[in-house]
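Taking the form predicted on its own, here's one chain by itself in structure tokens.
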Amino acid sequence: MKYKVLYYVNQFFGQVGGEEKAGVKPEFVRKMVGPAMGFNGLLEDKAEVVGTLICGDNYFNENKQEALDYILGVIKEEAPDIVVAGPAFNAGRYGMACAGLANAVIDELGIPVVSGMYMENPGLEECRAKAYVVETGDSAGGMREALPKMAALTLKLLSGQELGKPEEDGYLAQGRRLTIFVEKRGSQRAVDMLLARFRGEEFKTELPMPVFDKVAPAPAIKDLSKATIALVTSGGMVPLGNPDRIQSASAQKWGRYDIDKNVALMGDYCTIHGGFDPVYANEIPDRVAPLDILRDYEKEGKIGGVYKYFYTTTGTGTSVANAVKFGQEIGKELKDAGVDGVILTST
């Protein structure tokens, strides 16, 4: 008898549509859709995907309880041995949906969940303590590498074998500490590591510590009435038509636009950000990038002036590495231009 696997995907991988279909309600189909087909082929006739759950990213995150009520109802009825979600790569809303589903399925139904996410996906921290999450690349281009790892982990869980350490079985550490028996006691292992460090040899700590990025705050502006202030946003606000083709998610570039003669962004700008409903931002672009208020402050003498260029990109799904790169590049331009301060807005 084959084990039963239930697969969860978003509207894109469920072949319903793109961003315009992100609001679709959850649906269950008794067939393999999208990555579920490739995943099923890796199960070595030991398990079978019995159906696919499809839900729009926006719908799940904006109507979480309603989405979970339907999804959990289907899972109870189908009674799978395991649930597989994703992989979500670096898609934030998709990752959060996979995480929300995973936590609910594990907590309420006691069924294991396997997923795949990029290290910077916000969904990872939401579910990694409970679900088994395989590390993936940041885009769907890594599907061929992700599915075999997820399938191997799934088969091991289904077989009832005890999982080894995360690096041995290919899942991301869950933050749990387990008691194990080893030949050397802790004090001996610690001295061995210390000696290896003194000798310049490789060693691996048994207690890795998180590394946090520390940014020293800039000194306060002494006199705002003489300061030049620049406007920067990750809200995806661009000139109509998006002339530089800045990506709506997982941005690979930023844009710089002349606003020297603009009193406001009204009428000339719109958002291409893929992470929120753009209606109100497009209605009044200054809700995201408040040039109108800066102009008022400029007239009132509260600031010395507004820098002639406006900088923009999108934040949703953008990797930390790219975000740091963008910040360094934009920061250098502003510093070289003698700008005193920045209004940095997000969404």
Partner chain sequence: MVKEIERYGIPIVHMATITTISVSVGANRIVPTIAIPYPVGDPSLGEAAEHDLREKLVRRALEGLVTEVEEVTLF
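Note that the structure is a prediction, hence the values are computed from the model and not measured. Each form is matched to the other, and the largest set of C-alpha atoms that superpose within 1.5 Å is called the rigid core. Positions refer to the first chain, counted from 1.
The form predicted together with its partner chain exists for this protein as well; it is not shown, and the discussion that follows is about that form.
- The three marked residues, Gln11, Val33 and Val50, fail to reach its partner chain in the predicted bound form, with no heavy atom of any inside 4.5 Å.
- Just one listed stretch, out of 225 to 233, 149 to 157, 100 to 108, 77 to 85, contacts its partner chain in the predicted bound form at the 4.5 Å heavy atom level, and that stretch is 225 to 233.
- Residue contact check for Val288: one or more of its heavy atoms lie within 4.5 Å of its partner chain in the predicted bound form.
- Proximity of Pro219 to its partner chain in the predicted bound form falls within the 4.5 Å heavy atom cutoff.
- Residue contact with its partner chain in the predicted bound form: Asp69 places no heavy atom within 4.5 Å of it.
- In the predicted bound form, its partner chain lies farther than 4.5 Å from every heavy atom of Gly17.
- In terms of contact with its partner chain in the predicted bound form, the residue from Leu42, Val29, Met37, Ile284 that brings a heavy atom within 4.5 Å is Ile284.
- Along 321 to 347, residues Ala323, Val324, Phe326, Gly327, Gln328, Ile330, Gly331, Lys332, Leu334, Lys335, Val339, Asp340, Gly341, Val342, Ile343, Leu344, Thr345, Ser346, Thr347 each place a heavy atom within 4.5 Å of its partner chain in the predicted bound form.
- Fitting the two forms on the rigid core leaves the C-alpha of Ile221 displaced by at least 2 angstroms between the shown form and the other one.
- After superposing the rigid core, the Cα of Pro80 is displaced by less than 2 Å between the shown form and the other one.
- Here Gln252 counts as shifted, since its C-alpha moves by at least 2 Å between the shown form and the other one after the core is aligned.
- Between Lys253 and Gly141, the Cα spacing is larger in the predicted bound form than in the shown form, differing by no less than 3 Å.
- Whereas the displayed form keeps them at a certain spacing, the CA atoms of Glu329 and Gly141 lie at least 3 angstroms farther apart in the predicted bound form.
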